[in-house]
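To begin, one chain is listed below as structure tokens, in the form predicted on its own.
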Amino acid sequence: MVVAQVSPPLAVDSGVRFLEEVSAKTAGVSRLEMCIQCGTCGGSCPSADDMDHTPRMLFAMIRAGMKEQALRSNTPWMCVSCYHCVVRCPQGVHIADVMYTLKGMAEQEKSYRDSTPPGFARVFVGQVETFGRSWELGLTARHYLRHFILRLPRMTPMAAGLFFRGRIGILPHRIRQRKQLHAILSRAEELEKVS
């Protein structure tokens, strides 16, 4: 009896490639291939209700080679980097780091559905690069002026309350030794280009 050799479907091959691409772009060792689809990550996530896919589903999409759908998902943008999922993952998958990778890939390919989260991330990173830390009033004002201008008047009483209680400042606080921070960021950018 002759048994015909059947080649694996294209999705498997592209899934392996996409999985390898995400793993390679993730800082350190992602351990993404170790995911056993247990769902602990989604059950641990405080933002899971706002995600269109749980992290488990997103990882299954990566394995299936569903690159476009994975990069268009809002899941990485909803991740608040609390690391609950990482701490509780029985396989030690670095879930939050994978989410950062997916955000970067979506930014690079401009494949996100909604420009609001990437816009917020750009403002936040710009402030950290400029001041060495986040400036809440400037971050909120700039974000709401760009994306939610009609909601801004409703935010004013809360902002005033925070200001009068000393919780936010009018002016940004800059860290000392910003030159050292800029040197670190420049070096990180160089290393990113190499890999």
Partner chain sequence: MSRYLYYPGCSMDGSGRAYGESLIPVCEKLGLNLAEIDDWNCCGATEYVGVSLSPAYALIARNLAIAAKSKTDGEPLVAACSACYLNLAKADNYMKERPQLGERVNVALDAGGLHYDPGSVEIRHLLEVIMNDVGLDQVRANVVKPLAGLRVAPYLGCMLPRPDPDHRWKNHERPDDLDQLLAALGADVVDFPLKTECCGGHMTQIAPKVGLELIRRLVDEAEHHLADMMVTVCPMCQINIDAYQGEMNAEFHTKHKMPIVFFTQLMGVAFGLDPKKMGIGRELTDARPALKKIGKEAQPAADPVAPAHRPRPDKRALPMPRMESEATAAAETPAEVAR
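In this text, the rigid core denotes the largest set of C-alpha atoms whose superposition between the two forms falls within 1.5 Å. Positions refer to the first chain, counted from 1. All of these numbers come straight from a predicted model, not from anything done at the bench.
This protein has a second form, the form predicted in complex with its partner chain, left out of what is shown; the following refers to that one.
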Discussion item. With the partner left out here, check for me: in the predicted complex, does some heavy atom of R72 sit within 4.5 Å of its partner chain?
Written reply: no
Practice prompt. Consider L19 of the chain shown here, and say whether it contacts its partner chain in the predicted complex, taking contact as heavy atoms within 4.5 Å.
Written response: no
Worksheet entry | Touches its partner chain in the predicted complex: G132 (any heavy atom, 4.5 Å) | yes
Worksheet item: At the 4.5 Å heavy atom threshold, is R167 in contact with its partner chain in the predicted complex?
Response: yes
Discussion item. Can you work out which of H53, H143, R63, K67 has a heavy atom no more than 4.5 Å from its partner chain in the predicted complex?
Written reply: H143
Worksheet item: Across 78-107, which residues bring a heavy atom to within 4.5 Å of its partner chain in the predicted complex?
Response: M78, C79, V80, S81, C82, Y83, H84, V86, V87, R88, H94, D97, Y100, K103, G104, E107
Worksheet entry | Core fit, then Q127 C-alpha moves 2 Å or more between this form and the one not shown | yes
Practice prompt. Indicate whether I168 shows a C-alpha shift of 2 Å or more between this form and the one not shown, with the rigid core used for the fit.
Written response: yes
